[in-house]
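Next up is one chain by itself, shown in structure tokens, the form predicted on its own.
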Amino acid sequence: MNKEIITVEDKSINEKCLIYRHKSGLTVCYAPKKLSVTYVSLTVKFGALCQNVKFDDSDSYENLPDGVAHFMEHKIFARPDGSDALNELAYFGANGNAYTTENSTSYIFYCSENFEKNLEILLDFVFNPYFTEENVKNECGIIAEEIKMYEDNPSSKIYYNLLSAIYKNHGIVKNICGSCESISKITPSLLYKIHGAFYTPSNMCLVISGDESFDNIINIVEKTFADYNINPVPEVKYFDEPLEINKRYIEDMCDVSEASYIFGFKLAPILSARECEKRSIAYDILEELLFGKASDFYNSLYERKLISQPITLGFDFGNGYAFSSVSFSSVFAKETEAEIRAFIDKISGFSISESDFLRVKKFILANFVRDFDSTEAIAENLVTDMVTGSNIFDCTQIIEEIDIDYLYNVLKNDFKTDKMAVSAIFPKGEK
């Protein structure tokens, strides 16, 4: 193959990927694995937070309707003959799907046969959309039902309530699906405009993990994008967000059997992709040390029947935002809340033993290596790399770099009570 191929690898675990950049700007990332299932993701860097956009033919920013990236995801599968591209993939033995995040939209399939045919189908329907007044109107009704479902979902409600407590201006507080009002403003012409601007190869990546021929993959890409050149992508303006939280506490009621809480801590945005990766791994370690089933605190609550499900420690980040969180559910809500508040108040003084630290690090490393036994996990991690600029093949080195002092700094800096907001969900009729 007379092409410039970049190899990125981690020799310590004998894993690698091959990267090829087509003249159109499309990045192709292939992770060879001798597994029976091939997993494919075609990802565009256009997600729910792409709300204020300066198109090439304009001198000002245009406010896009909330939920338009998710709406686009739904309509991409429509074919001019009235069929659905998902059915076409299924006919050739592939399982297809799609999802929208804050920063990107991915169109995926996995299969054990007819890989090349399914790849051609994927590239065809994503780059040749079909929007009409009728199919857009019909989709509004379908997505409106999805929005109502999320509004009634306790997990979704408590999460978005927390975000609205933490953030004042940032678009992260808005549901990825948008609202019934916002999606009613979406038209075929707007979808075509967005597709033409953002669904360009230079703003996309094709990630494949499986036992396929990279030569054949590149040949399909070159055939598909022979007439494409690198096009400029519209500028996206993100959000001016103050350092202070928006409100201290927010509560709601739902059809649940026990109360749930999330304690959220507003953090300064983290600009380095590597530091985000390092912080994420640190949180995985701290979750086990602080709240894992072997921890003293969890066992104290469990033995007193204050808690029956795991306590979750989270770290989320993206364009212009970062926050940590502690989540739990309990039938004895107030008493458990008081215990966890007291624990958080003194969390910066938590003592980490060397033996526990090393045990958990080995556990985290083993889980990371185990991910390479799944083409889906490999591909999704590589998609994250393509979107955020991180590098999955740095992870073993990053895990090794993390020491107890780094964890102490995270505990000291990321759990400040003056930056804490609380979201609670109670069973209906109970307070």
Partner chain sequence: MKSVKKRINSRVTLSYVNTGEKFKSCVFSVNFILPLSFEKSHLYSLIPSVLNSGTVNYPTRAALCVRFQELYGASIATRIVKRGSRQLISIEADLLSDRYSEYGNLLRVVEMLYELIFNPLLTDGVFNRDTVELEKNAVIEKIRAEKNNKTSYSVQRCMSLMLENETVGIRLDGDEDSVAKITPESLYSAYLDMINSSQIELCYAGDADIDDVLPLATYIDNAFPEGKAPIFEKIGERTPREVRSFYEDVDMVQGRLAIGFRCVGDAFDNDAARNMFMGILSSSPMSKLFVNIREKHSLCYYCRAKAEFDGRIMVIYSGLENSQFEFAKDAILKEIEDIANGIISDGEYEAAKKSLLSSIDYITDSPVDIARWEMDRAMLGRDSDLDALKVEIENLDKTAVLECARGVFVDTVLYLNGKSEIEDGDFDE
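These figures come from a predicted structure and were not determined experimentally. Positions refer to the first chain, counted from 1.
Below, we refer to the form predicted together with the partner chain, which is not included among the displayed structures.
Partner contacts here mean any heavy atom within 4.5 Å of the partner chain in the predicted bound form, and among 214-222, 310-318, 355-363, 238-246 they occur only in 355-363.
Checked against the partner chain in the predicted bound form, the residues A94, L162, I340, I108 give one hit for a heavy atom within 4.5 Å, which is A94. None of S189, N128, N229, N299 but one reaches within 4.5 angstroms of the partner chain in the predicted bound form through a heavy atom, and that residue is N299.
At the 4.5 Å threshold, heavy atoms of P154 reach the partner chain in the predicted bound form. Within this chain, R370 lines the site of the partner chain in the predicted bound form, having a heavy atom no more than 4.5 Å away. The partner chain is not shown here, and in the predicted bound form it never comes within 4.5 Å of any heavy atom of D81.
At a distance threshold of 4.5 angstroms between non-hydrogen atoms, E258 is in contact with the partner chain in the predicted bound form. The candidate spot formed by K23, K174 and K266 is out of contact with the partner chain in the predicted bound form: none of the three has a heavy atom within 4.5 Å. Contacts between stretch 31-46 and the partner chain, counted in the predicted bound form as any heavy atom lying within 4.5 Å, involve K33, K34, L35, S36, V37, listed in sequence order.
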